[in-house]
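What follows is a single chain, given as structure tokens, in the form predicted on its own.
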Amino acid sequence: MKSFTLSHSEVFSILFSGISEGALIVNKSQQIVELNSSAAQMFGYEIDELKDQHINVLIPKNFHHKHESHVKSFIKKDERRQMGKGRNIFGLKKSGETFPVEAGLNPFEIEGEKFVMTLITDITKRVKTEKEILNLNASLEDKVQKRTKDLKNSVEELSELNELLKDEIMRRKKAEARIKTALQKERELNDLKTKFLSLVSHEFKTPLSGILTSSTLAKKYTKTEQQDKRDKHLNTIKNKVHYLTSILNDFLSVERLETGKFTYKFDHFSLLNLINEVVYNANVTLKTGQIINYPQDLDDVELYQDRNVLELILSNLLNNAIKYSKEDTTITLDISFDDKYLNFKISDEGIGIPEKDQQHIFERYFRAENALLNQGTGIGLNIIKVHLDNLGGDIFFESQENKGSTFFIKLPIKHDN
């Protein structure tokens, strides 16, 4: 019988799937056990050159002693933080060149072994920009002083010099405003990265533990009459893998939508085939006694849209309805259309959305107060909203806490280029 136990390397590869920045993982001995290509390129190495190396190979020698004690203290405390806060830190390239970096640290544990994931950003450009800004301010100060002295020498030139000074002050204020805006955006980006890293660590830890446990237990049932027990653990593994795949796709969709790398692929396809496939896949995740009601005599219609995106939208909403509903409940999918628009309605008998949380439900990473104990990343509905906006569609909902929710989708049958 096949074993589903994942190696550390496979676990780390899953963690790296949603990370576009330089990232590496070290063990308690500060040896690099895994890294992504972005980190290797940043320091001028090939990936294999850095594996099993001590982290000091990436740190200038004059920082080795302090870094050693900082890392030991950090692992002992077992809490994530921003490395080098309040002081400058540097990386060391293979060529011997040093460069400024920022690093976010996040500890985690797998099978009793402690590791630290580090998210590294090369801030050379930012440091250069800050230096240029300081030089600009110094230059502006010199100009202000010079023109103030000139004002004292001639009353006749007062008006002209005053206007020039106003122009300089205005440019300075604009420069300061740009600096503040850039710094604010950078802080927001760093907050999102930290939150993302925390989400990855939290959301992957539980299903991965479940996969490891089920694969270990399944190996113990070797007799023919124990097939039902093997099937139980295999189904657990399949569901956990399905969940991991789902959130990985969510993370990748967020990155592509943010960076403008997402490309819609429009084609002709059958509505009936799409609905049958979506419902079939959703049935795999149903709880005991749950059923999905959907039109059995649905008239077929040819759509011209991005099939994969529409499948993602419907699957996400059906999976939410299943996840947030109890056993022995009904999820209903209603479909209607006219000459121009498709209309979907997905209803459940689940926990509903508290009224005070409803205004935030499409915000990224937001999770309603009564859903915090359920697995989830808080980005699925945000992705759906962005896709529908891009495709000329719309989404809204009605919900009552402890009674259920209904989501309404409107989407053009044919995308207008």
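Residue numbers here begin at 1 and follow the sequence given. All values derive from a computational prediction rather than experimental measurement.
Note that the form predicted together with adenosine-5'-diphosphate isn't included here; everything after this is about it.
### Query
Should Ala321 be counted as a contact of adenosine-5'-diphosphate in the model of the complex, where contact means heavy atoms within 4.5 Å?
Yes, Ala321 is a contact residue.
### Query
Is there a non-hydrogen atom of Phe16 within 4.5 angstroms of a non-hydrogen atom of adenosine-5'-diphosphate in the model of the complex?
Result no; Phe16 lies far from adenosine-5'-diphosphate in the model of the complex.
### Query
Is Arg367 a contact residue for adenosine-5'-diphosphate in the model of the complex, using a 4.5 Å heavy atom cut-off?
Yes, Arg367 sits close enough to adenosine-5'-diphosphate in the model of the complex that at least one of its heavy atoms falls within 4.5 Å.
### Message
Using a 4.5 angstroms cut-off on non-hydrogen atoms, would Phe12 count as touching adenosine-5'-diphosphate in the model of the complex?
### Response
Output for Phe12 is no: heavy atoms all beyond 4.5 Å of adenosine-5'-diphosphate.
### Task
With adenosine-5'-diphosphate left out of view, choose which of Ala40, Ile59, Ile361, Leu388 has a non-hydrogen atom within 4.5 angstroms of it in the model of the complex.
Spelling it out, the residue with a heavy atom inside the cut-off is Ile361.
### Task
Decide yes or no: are Asp348, Ile353 and Leu381 jointly within 4.5 Å of adenosine-5'-diphosphate in the model of the complex, with each residue judged by its heavy atoms?
Yes, the whole trio is in contact, each within 4.5 Å by some heavy atom.
### Task
Given that the partner is absent here, state which listed stretch (313-321, 97-105, 277-285, 174-182) has heavy atoms within 4.5 Å of adenosine-5'-diphosphate in the model of the complex.
Going by heavy atoms within 4.5 Å, the stretch is 313-321.
### Task
Would you mind checking 382-408 for residues with a heavy atom within 4.5 Å of adenosine-5'-diphosphate in the model of the complex?
Contacting residues: Asn382, Ser405, Phe407.
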